[in-house]
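Next come C-alpha cells for two forms of one protein chain, structure 1 first, structure 2 second.
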Structure 1
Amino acid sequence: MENIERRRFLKIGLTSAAGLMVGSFFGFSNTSKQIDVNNYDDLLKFDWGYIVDTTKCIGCGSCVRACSVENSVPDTFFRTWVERYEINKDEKIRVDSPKGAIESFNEDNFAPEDIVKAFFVPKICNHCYNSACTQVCPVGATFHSPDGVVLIDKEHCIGCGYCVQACPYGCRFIDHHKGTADKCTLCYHRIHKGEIPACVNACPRSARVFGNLKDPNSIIRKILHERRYGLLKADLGTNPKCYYIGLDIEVK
C-alpha cells in the first residue's frame, strides 16, 4: 500500500516537474516572435541592428560558447569574442581576450587591489552600412542582405582574404577547412525564422540586444533613443550598425 502511494507520489512529482520545465522553457524564452517573410519585399521591412551594453557585460563568455556551438565556428577563430579592459593605479591599461573568452576570464592580470577600473566589451561583426569588406570582395561573394546583414556566399568565395584585410575590426577570418572567408551572420538561419541570435539568447545580463532598426517601436530603437552610445572606429566611415553603450575611449 505504502509502495503504491510512493509510486504515485513520484509519478505525479516527476510529471509536474517535467511539465514545469517544459512550460517555463516556452514561457521564459524570448526567442520566438513569428515574422512573416514570404518574398523579397517582406525582407525590406527589416534592418537588423545590434546593441552592446558594455556596462552590463560580466565577461562570462556564454555568448562566445553559444556562438561556437550554434555556428560550428572552427577552433582558434571567433565570430564573437569578449575583451577585458583593466586599468591599474599607475594608469596602465591591459587588454586581453584569452581564447576569445570562450572559457571566460579566470585570472586577473593586475593584482586585484591595484585595479582602479575594469570592464568587458563584447565584439561582433558590425554589419556596417558602408562596409569595407563588401566593397573589396573581388567576386561579389560577400554582400548586404536586403534586411541589412552582411553575409558571405561560401559557394562563391575564392578565399583571397582581401575582406579579412579590409575589415577594420578583425571580425573576419579564413576558415581553413572550407578555404573561404567566415564571420558573424547575426545567426541568419535563426533570425529569419523570428528567433534571436544565439549570443543574444545566451547572454544572462541582456548586454546584447538585437532588433529591427526600421521598426520605431522596437526595443533596440527605444534603447538608442534613450541612451548615449558610441561606434567603433567611426572615423573610418564604415558606419557600423553595432551600437556600444558606455563605450570607453580605450576601446578600438
Structure 2
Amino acid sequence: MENIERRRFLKIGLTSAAGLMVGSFFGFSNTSKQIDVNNYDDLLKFDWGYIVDTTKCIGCGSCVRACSVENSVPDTFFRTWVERYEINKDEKIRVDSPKGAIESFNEDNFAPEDIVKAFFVPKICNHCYNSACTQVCPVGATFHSPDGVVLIDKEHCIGCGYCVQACPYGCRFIDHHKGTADKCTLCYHRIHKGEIPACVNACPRSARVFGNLKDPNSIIRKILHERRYGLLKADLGTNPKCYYIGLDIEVK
C-alpha cells in the first residue's frame, strides 16, 4: 500500500516540478535547503502547518483576494475567507463575511453603542491529521501528501460531494465548471517553488504564518512554543493543523 501511495503522489504531485526550495523567508526555516522532488522520503522531512493570529487581523480581505487570483477560485466560492464576530451587551453574537471579506465590513450588525467586542477570524482548510474528508471519499481522490498537505486528485474526483458534507470547517466546495471538489491547498504549487502561500504573502499585518512543523528552528515552531493557541472544533478529533492565536470562545 505504501509503495502505491508513493507512486501515486509522485505522478500527480511532483511531475510538473523540477525542484523544491525551502527558503529563509517569513514562516519558513531560517536555513535554505534544496530538495529533490523525485525523492519521496525527503518530503517526509516536512510537515506544513499554519498559524492565524486573530489579534492582528484587520479584516481587510487582502488574503481572500490574493487567494482568488492566485488559484482562479470560481465566483461565490472561497478557499479562504474572513468572518467578523460582534458581541453585544446582551451577549448575542452576530457573524458576517461579505463575499468572504472581499467586500468591506461597512454595515454594523448591532448598534455601535451596544457592541462590547468585535474581532475578525480568517478561516482556511485545516489540513487535519485525522481528516474526515479523506475518510469518506469513495474513490480515494482526497489524500494526504507526504509533507502533510490534504490534496485532491482532480483526475479521480467524481464530484460526489461527500467530502464537502463531511468537512466540519466548511472549507470545501464543488467547482461546477470542472465537476470536482476544491479547497485550499496551502498553495502547494507555490511552496514547491520556495514561495509562501499567496494569502500569507498578501497579509499586511503578518496575521498568517506558514512553515515546517518538523523544523524546531522554524518561525512557526517558535511561535507555537512561545504563545498560547487554540484549535477550531478540537473536540471532533480531526487534529487540525491550523493553529489560532487569540481565539475567542465565541468562535465556532
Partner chain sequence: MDLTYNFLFPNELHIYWTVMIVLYPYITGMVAGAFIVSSFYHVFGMEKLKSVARFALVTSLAFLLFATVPLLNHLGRPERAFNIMLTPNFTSAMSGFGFVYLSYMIIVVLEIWFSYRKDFIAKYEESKGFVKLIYKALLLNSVTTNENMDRLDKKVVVILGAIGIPVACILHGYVGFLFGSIKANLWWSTPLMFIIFIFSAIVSGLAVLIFLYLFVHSIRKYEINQDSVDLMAKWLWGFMIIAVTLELMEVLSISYEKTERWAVLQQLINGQLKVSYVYLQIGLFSIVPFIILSITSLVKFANKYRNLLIWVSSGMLLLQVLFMRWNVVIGGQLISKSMRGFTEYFPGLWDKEGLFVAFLLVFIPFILLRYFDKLFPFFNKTNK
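Structure 1 provides the reference sequence; residues are numbered from 1 along it. We call the rigid core whatever largest set of C-alpha positions still superposes within 1.5 Å between the two forms. A quick note: this is a predicted structure, and the numbers were derived from the prediction, not measured.
Each of the two structures shows the same chain on its own, and it is structure 1 that derives from the form predicted in complex with its partner chain. The two forms line up on their rigid core, and Asp114 then has its Cα shifted by 2.7 Å between the two structures.
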